[in-house]
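Taking the form predicted alone, here's one chain by itself in structure tokens.
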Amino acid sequence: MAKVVVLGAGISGHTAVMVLRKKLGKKHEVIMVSPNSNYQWIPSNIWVGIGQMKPKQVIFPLAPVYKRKGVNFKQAIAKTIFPEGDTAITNPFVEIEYVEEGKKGQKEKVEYDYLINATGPKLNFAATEGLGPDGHTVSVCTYGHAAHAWEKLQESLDKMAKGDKQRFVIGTGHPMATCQGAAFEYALNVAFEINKRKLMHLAEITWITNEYELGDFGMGGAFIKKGGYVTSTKIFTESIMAEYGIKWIKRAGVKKVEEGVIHYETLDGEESTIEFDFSMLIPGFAGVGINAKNKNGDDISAELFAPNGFLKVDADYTPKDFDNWSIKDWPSTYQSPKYENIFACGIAFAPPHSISKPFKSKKGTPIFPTPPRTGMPSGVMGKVVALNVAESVKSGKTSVKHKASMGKMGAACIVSSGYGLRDGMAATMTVYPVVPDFEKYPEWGRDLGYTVGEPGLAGHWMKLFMHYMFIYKAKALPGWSLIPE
């Protein structure tokens, strides 16, 4: 009997564990280790953050699903990986610490034949002083954060209803933060809610971002085909911002937040501030802090993980100038180069370099987005890694024939505002590939036949449909595997 351990029940990890359970017979054990008792459909946290959905609409308990599918669920945090075992246990194992009631604080050594790290990121609020729900800003990164954001947003809306002006600042809260798309979508939804209440004359909404140009989204921007014309995501994004009455500050790295004041540095080295009454800023991401030790107990974390805490995989991490990178540098199997039975997928893998051009301010501060690895790409990675592991288990020999390079992978993004079948609008954008390939597509870096953008109500309907479709899939209800990632 083989044991496969998956760390993290997000989009990538949950996809991996469901595919493993489907592909492997009952004689093999599939183990999920996650500190979260609930699965959450993260894209819909935006609706929670504006009060259009309750947290219970974007989550469901994991334990019943895993029990029904025959997955051994351990509500715990992975602490240390022992890929060679130790002096007492010869098999590889991961040491975990339980967080569920009744077992809280207990530790266990979980042996594995294959390990998939899909832990996602640590929300590194601490990297920016005063950032986050424990500081002076809100977040929509979790359903709990989003519910708190709605509480704070209501306070500002109530003040506006009484005639008080309010200043809203939304964007990225660290000089190298990613997930600009989520912040952008939230900014549009806040503007939509204010407009719906006919209070825009009392609002000042500002978008603050580390992007060199709006519409970068951590992908170096894109050129999209719309209505037969080719336009940049810069123009596409700026026009939407202007339509919603949102001002913007770009090329800015937030350094510190105090009550009502954001301190930031721009690429020209200027230190500036902006005042706010309500602010939602996305934090920087880091690895969750898993360690690794060899069989003698020596720390080998630096051999498995990059300095940011994400697991190194089959990528080319050789230092290069930005102009010298290639899509060939990007991983395709997400297998550890040191231990062939360890994989990482979703945000848990370490990117080889940025997709957006890296910039430093005149003071030497890096200010640019790090690569996005969320949503659709995360699901595809989780499935591909699981297929490789399942076939390896069944054949008795490690196989990595299934591949999913972000340089050969497309992605779709729907930035929706409003809620309901008649009340809403969305900007729908697809890109192919996610990492631009200037060797194959020298003019644009991407295939314009599949890189398109279109605003309208239809995209909004699609996002609503996707909410229910992907929660249905995540619950592993009849026909779930027919729904694509």
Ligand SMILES: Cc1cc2nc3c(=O)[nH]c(=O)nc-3n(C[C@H](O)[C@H](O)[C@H](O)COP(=O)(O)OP(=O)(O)OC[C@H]3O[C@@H](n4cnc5c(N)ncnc54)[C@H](O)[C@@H]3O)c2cc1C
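Computed from a predicted structure; not experimentally measured. Note that residue numbering begins at 1 and tracks the sequence as displayed.
What comes next is about the form predicted together with the named molecule, which is not displayed.
Worksheet item: Pick from 322 to 330, 164 to 172, 345 to 353, 84 to 92: which stretch has non-hydrogen atoms within 4.5 Å of the named molecule in the predicted complex?
Response: Selected range: 345 to 353.
Discussion item. Each of G10, V33 and K463 having a non-hydrogen atom within 4.5 Å of the named molecule in the predicted complex: is that the case here?
Written reply: Every listed residue reaches the named molecule in the predicted complex, so yes.
Worksheet item: Is there a heavy atom of I290 no more than 4.5 Å from a heavy atom of the named molecule in the predicted complex?
Response: Yes, I290 sits close enough to the named molecule in the predicted complex that at least one of its heavy atoms falls within 4.5 Å.
Worksheet entry | Contact label in the predicted complex: I46 to the named molecule, heavy atom within 4.5 Å | Looking in the predicted complex, residue contacts with the named molecule include I46, since a heavy atom lies within 4.5 Å.
Item to complete: Find out whether any non-hydrogen atom of G120 is located within 4.5 angstroms of the named molecule in the predicted complex, and reply yes or no.
Response: Judged by the heavy-atom cut-off of 4.5 Å, G120 is in contact with the named molecule in the predicted complex.
Fill in: Proximity of S378 to the named molecule in the predicted complex, heavy atoms at 4.5 Å
S378: contacts the named molecule in the predicted complex.
Worksheet entry | Position in contact with the named molecule when the complex is considered in the predicted complex, options A78, A252, V257, L311, heavy atoms within 4.5 Å | Here the answer is residue option A78.
Item to complete: May I ask you to choose, among A286, V261, M200, A412, the residue with a heavy atom within 4.5 Å of the named molecule in the predicted complex?
Response: Checked against the cut-off, the match is A412.
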